[in-house]
Each structure stands twice: as C-alpha cells, then as structure tokens.
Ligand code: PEP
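As structure tokens, one chain now follows by itself in the form predicted on its own.
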C-alpha cells in the first residue's frame, strides 16, 4: 500500500563543512515540528553523515546519502559503498543529473547503483529527467523510458515498493548544466512526465506497483511554489536543492507541505 506521507528530501550537494552542516541541522530542528503527515529526509555531504547521525532527532528526520558505489567492497580507492552506509542512512540519491551529466554516469552505472542500494536495504531515490536539448527535440518520453526501464531492470517486483523516483528536468534546475535555459516546469509538464514514469513501471511490474511507487518532483522548488507543485497530480513529494540550504526557506517548504496535507484531509474528511 502506498505511503500517504509527503516525502521532502533536502539535497545539500557539495556545500558546508561538518560544523556548518551541524548548525543547519540544529536550526532546522528548532524550527520544524514533528509532523506525522510529512517524512523529512536530509542528504548532507558524505563527510557529515556520520556526525549528523549522532545529532539527528529521528522522530523528525531521516538521513540520505547523495551517492555511493555499486560494489560492496574491494580495491576502489576513494569510493564509499552502499554496504558501508547501511547503519547511517535510510535513503540514497541515485542517478542525479549532476552525476549523469557532470560525472558521466551511464544508464548501466545507475542501474547497478539502484540494485546495490536495494540489496543493502537502502531505499534509492532514483532521479530521472531530460535536458533542455532533449526536450526541444521532443525526446522527453524516450529519455524517461530509457532511464526508468534500465535503472529498474535488475529488480524484482517485490523490490519496487522499496524505491522512490524523482522527476528532475535538468532544464528546470537552478544550478543545472542548462542554467542559461533555466525555467519553471508547469504543473501540466510535471503531471505528464510522472504519467510517463508510472506507465513505464506499469509495463514492467503492473499497475499497482506503478501507483504505489512514490514519485517526487525536483526542480528549483521554493516556499512559494511548493504547494502548487505538491497539488499536481501524481506528485508525492519534493527533492529540494538550493532552497534546502536556507533554513527559513526550507522550513517554509515544510509548512507549505503541511498546509496542503491538512487541507486535503479536511476536504476528504
């Protein structure tokens, strides 16, 4: 059965040292109340994961890695495996556009990371999305198909409830490689992309699996745009980048998610 809680993930990317990360966590803890309607996940740098795991209030927050390597152990100098992260994180971001376009991660590498994440009982947050050039060439549906189908190809149907997918159109990311083309994705664009994602999952694993998978939107969400995005059909939460580094702005996003959840409960009550 689908998790009805709104999932908000803060991707801090390569920002802040351990001390600064600790201060931001403290400020978020002060401002954010425990909300049963919202699952809040923080993805600090790899260096900050362990110290923050000692500081974090697990009633409010879960931890997420930004990346990991798909082999569990061996002569891979400088890498951190999913198996090493098992005791620290609940989630791991896989296939983020930064990794695909700046570090050259192929469809096959993303596939192997998704499988390694699930194998090690860490829930992957699989990022998919098209560039401005691909969108202009009307290749969005094909890009989403290739990214989703390849990434999930080593999973069984019983694995599918243990993944999250984030649609992040590269052209809508404020610090994306297509920065010059940065624009806001409309609810219609987001809803259509998520329909394509769920259709691809349904083709592989059936309609129930497709409906149950949580799908997030990632693309320059802010406290002013969060509610409108969350009210878009098919959206189960947000993957937040730059705005998550500002505790006031990020708290505003959480507040918007809470208001949206509580108003929908009243309307459905």
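Source: prediction; values computed, not measured. Positions refer to the first chain, counted from 1.
Keep in mind that the form predicted in complex with phosphoenolpyruvate (PEP) is missing from the display, and what follows is about it.
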property: Proximity to phosphoenolpyruvate (PEP) in the model of the complex, single hit among 173, 163, 115, 143 (heavy atom within 4.5 Å); result: 173
property: 64, 229, 216, 240 - the one with a heavy atom within 4.5 Å of phosphoenolpyruvate (PEP) in the model of the complex; result: 240
property: 4.5 Å heavy atom contact, residue 220 to phosphoenolpyruvate (PEP) in the model of the complex; result: yes
property: Partner contact for residue 130 in the model of the complex: phosphoenolpyruvate (PEP), 4.5 angstroms, heavy atom; result: no
property: Stretch in contact, per heavy atom within 4.5 angstroms of phosphoenolpyruvate (PEP) in the model of the complex, of 104-112, 134-142, 193-201, 165-173; result: 165-173
